[in-house]
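Form predicted on its own, single chain, as C-alpha cells, below.
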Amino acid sequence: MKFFGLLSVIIVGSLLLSATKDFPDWGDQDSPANEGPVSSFYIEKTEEKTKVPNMVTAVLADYRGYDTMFETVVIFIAGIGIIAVLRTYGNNDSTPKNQVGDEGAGLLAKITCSLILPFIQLFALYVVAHGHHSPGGGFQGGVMLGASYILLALAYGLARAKSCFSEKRTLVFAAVGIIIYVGWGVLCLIMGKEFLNYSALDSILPGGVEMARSHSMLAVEIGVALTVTAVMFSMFSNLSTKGRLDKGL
C-alpha cells in the first residue's frame, strides 16, 4: 500500500509540476489576470463601491460572497466529519476540578503562555475587526483565536482549555458562525434584493449603500471567525486524543 501511495504522489506531483510551464512569469504585467476586465474593475472600483481599502477582503466577502460562505461551510463540515469519525462518547465532557492542571507543559511554558495569550487573542480580535481596512479578516483572525486555545491546551493541558472552550461550546460557536453568514444573506432577501447583496441594507445600516456593504463585510467576517476558531480547536482536541477528549498531548 505504501508503494502505491508513493507512486500516486509521484505521478500527480509530476503532472502538477509539468503544468507550471504554462504559468505567466512572476510579476508579468501582461498576464491574463492583469489584462482581464474583472481584475481592472476590482482594482479601480473596489474602494469607491464598498469604502473598503482592502481589496482582497472586498472580493472575498462581497463580490465573491457565495464562494466564501461555502468555504466556511466546508470548514464546518470538515470539523463535523472529524468528530463523526474519531469521537468516542464514553467520557463525560465535563472535567472534574481536581483534574485541571494535571497535564500540560512545564512551569516556564505555563508562565509564558499566561503572559502572551491575552495579547494573541486581543490581536486576533483586531485582525477580525480591522480585516476589511488592513490585511486580515475572519479566516486569519479565527486561526489565531483557535491557535490561542491550542496553546492553552499545550501549556496547561486539554482539561484546562476545555474548561474555557468546551466541546458543546465549540459546536455552538461553529454553527452560530454559519448562521450569521447565511442569516445576513437572508436579511438581504427580506429587504428586497438578492441573497448577500449588502446594498439592500442601506436603510438599516448607517452611511449609505457603500458603507452598508462595508459594515456587512465585518458582520460576515465575524461569522467566519467564529466557525474557524471553533472548528480549529475541535479538530485539535479530537486528533490529539483520538476522539476521547480525556487527555491532550
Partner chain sequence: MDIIIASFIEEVIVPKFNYWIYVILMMIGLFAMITKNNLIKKLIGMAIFQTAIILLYVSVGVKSEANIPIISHHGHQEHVENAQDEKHSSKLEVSTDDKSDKSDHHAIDKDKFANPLPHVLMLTAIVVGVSTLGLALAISQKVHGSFGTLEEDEILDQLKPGGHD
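Positions refer to the first chain, counted from 1. Note that this is a predicted model, so its numbers are computed, not measured.
This protein has a second form, the form predicted in complex with its partner chain, left out of what is shown; the following refers to that one.
Participant: Heavy atoms within 4.5 Å of its partner chain in the predicted bound form: does residue 210 have any?
Facilitator: Answer no; every heavy atom of residue 210 is more than 4.5 Å from its partner chain in the predicted bound form.
Participant: Is the gap between residue 222 and its partner chain in the predicted bound form 4.5 Å or less for some heavy atom pair?
Facilitator: No, residue 222 sits far enough from its partner chain in the predicted bound form that none of its heavy atoms falls within 4.5 Å.
Participant: Is residue 43 close enough to its partner chain in the predicted bound form to count, meaning some heavy atom within 4.5 Å?
Facilitator: Yes, contact at 4.5 Å.
Participant: Is it the case that residue 164, even though its partner is missing from this view, gets within 4.5 Å of its partner chain in the predicted bound form, heavy atoms only?
Facilitator: No.
Participant: Given the stretches 105 to 113, 74 to 82, 148 to 156, 118 to 126, which is the single one in contact with its partner chain in the predicted bound form, using a heavy atom cutoff of 4.5 Å?
Facilitator: Careful reading of the contacts points to 74 to 82.
Participant: What are the residues of 1 to 19, in order along the chain, with a heavy atom within 4.5 Å of its partner chain in the predicted bound form?
Facilitator: 1, 2, 5, 6, 8, 9, 12, 13, 16, 17 sit within 4.5 Å of the partner.
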